[in-house]
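The chain below stands alone and is given as structure tokens, in the form predicted on its own.
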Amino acid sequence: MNCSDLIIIGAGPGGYKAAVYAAKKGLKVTIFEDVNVGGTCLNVGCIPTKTYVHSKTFEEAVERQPQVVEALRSGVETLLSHPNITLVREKAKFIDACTIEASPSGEVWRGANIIIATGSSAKMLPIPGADGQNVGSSTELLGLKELPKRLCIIGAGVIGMEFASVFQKFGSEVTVVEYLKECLPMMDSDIAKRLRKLLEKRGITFYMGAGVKSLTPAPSPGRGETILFEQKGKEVSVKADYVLMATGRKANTEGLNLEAAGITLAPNGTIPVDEHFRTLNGQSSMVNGQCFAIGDVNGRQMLAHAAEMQGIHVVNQILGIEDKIRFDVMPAAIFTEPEAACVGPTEDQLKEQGVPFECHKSFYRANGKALAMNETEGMVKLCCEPEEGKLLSAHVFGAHAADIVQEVTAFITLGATLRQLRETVHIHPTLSEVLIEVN
């Protein structure tokens, strides 16, 4: 039987970062991955998508995508070649809470600590026609070799909005159908609406508050789909050559035999964990044995950088190292054109929670660098405690919104105030000056 200090199932951002960090701290690590290292983010998610965002044409994107992915995947392979890491390219399943069996070899591994980092996969709507040949998730869309003339996107969350923006830029006629009243529900509603209106001006058609009922292929194979949905009590249909289903993601737990580890899934299919990401009902027959779940599989924060930091925190827990990672301060970005990004609660959420706050805004059109860049479409909204007190949140859309929010994230993490942000010298001319121009 093989033994390790730490077994990790899944070599996505959370898994491989935890493995490398643990190995550098002296732990003997075994990591299982039966597909490609790097997980969804690197292979079929955020990295390929950003390659599309930063390509001028569809043809350029198709050519560059595999080159970028392969280069980064090779880098992860190099990181996992650390002498304290054993990479097992097989599937893993629990025999008990401390023992893993590899498939198809049947080899058995025992670990004092186990991290489940199996990620998530696209969730498809259970409607007629969802399995059609012209219907797919972001993975299938990224595999297309020809630009669809008409693209219909079901869902106006992060994935839907990013692909809507980029495929409209490439020349597709894009339609977005969303069940909710507004896009990007995690964003401030004012910011989300402004971004949607801007994308509408660029030619993207949005149907909000619309529930999709069915997808029907054209009579001739490969000739597209008819999307039927209901909006304000009326049936509406649109035609498209391809349909992207961007309706959320589900935790990857199939085949893990979690029951053998004493783990019962939550009603939404994720693995329940405590504040340190220990499985809440995991059981272990080994002294000091522990089981953890990080990243998308626990459903806490479905972001690659959240998975990475959760993995680091878990390794710290195993080693008895105290850290001060703020999982309640989690920035996120949407790489549309222009970008949108946020950290902390929205204005509506603060009102619902009864939290006293002030709201301060500024606009890109008054910023010298934005004017010089011809990027005047943008807005910043900062929320803080009254009288320029502790910063609570930032919601931004505009060029380099992610970078601007990242600065505010540092201030929030350190418990700083809006006054301290205002009194921090900013280089001129830069876009980040919009932060000290809020009123």
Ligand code: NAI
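Since this is a predicted model, take the numbers as computed values, not measurements. One rule holds for the numbers: they count along the sequence shown, beginning at 1.
Keep in mind that the form predicted together with this ligand is not shown, yet the notes after this line are about it.
ask   = Tell me which of 143 to 151, 365 to 373, 243 to 251, 320 to 328 has residues with heavy atoms within 4.5 angstroms of this ligand in the model of the complex?
value = Going by heavy atoms within 4.5 Å, the stretch is 243 to 251.
task = Consider the chain as shown here, without its partner, and state which of 80, 156, 135, 312 has a heavy atom within 4.5 Å of this ligand in the model of the complex.
result = Looking at the other structure, the residue within range turns out to be 156.
inquiry  = Using a 4.5 Å heavy atom cut-off, which residue among 224, 119, 111, 160 comes into contact with this ligand in the model of the complex?
reply    = Filtering the options by heavy-atom distance leaves 160.
task = Report whether the minimum heavy atom distance between residue 177 and this ligand in the model of the complex is within 4.5 Å.
result = Judged by the heavy-atom cut-off of 4.5 Å, residue 177 is in contact with this ligand in the model of the complex.
query = Would residue 211 count as a contact of this ligand in the model of the complex, using a 4.5 angstroms cut-off between non-hydrogen atoms?
reply = Yes.
message = So in the model of the complex, is this ligand close enough to residue 335 to count as touching (4.5 Å, heavy atoms)?
response = Residue 335: contacts this ligand in the model of the complex.
message = My question is simply whether residue 303 lines the interface with this ligand in the model of the complex - judged by any non-hydrogen atom within 4.5 Å.
response = Heavy-atom contact with this ligand at 4.5 Å: present for residue 303.
task = Just give me the residues of 62 to 95, first to last, that have a heavy atom within 4.5 Å of this ligand in the model of the complex.
result = Result: empty, none.
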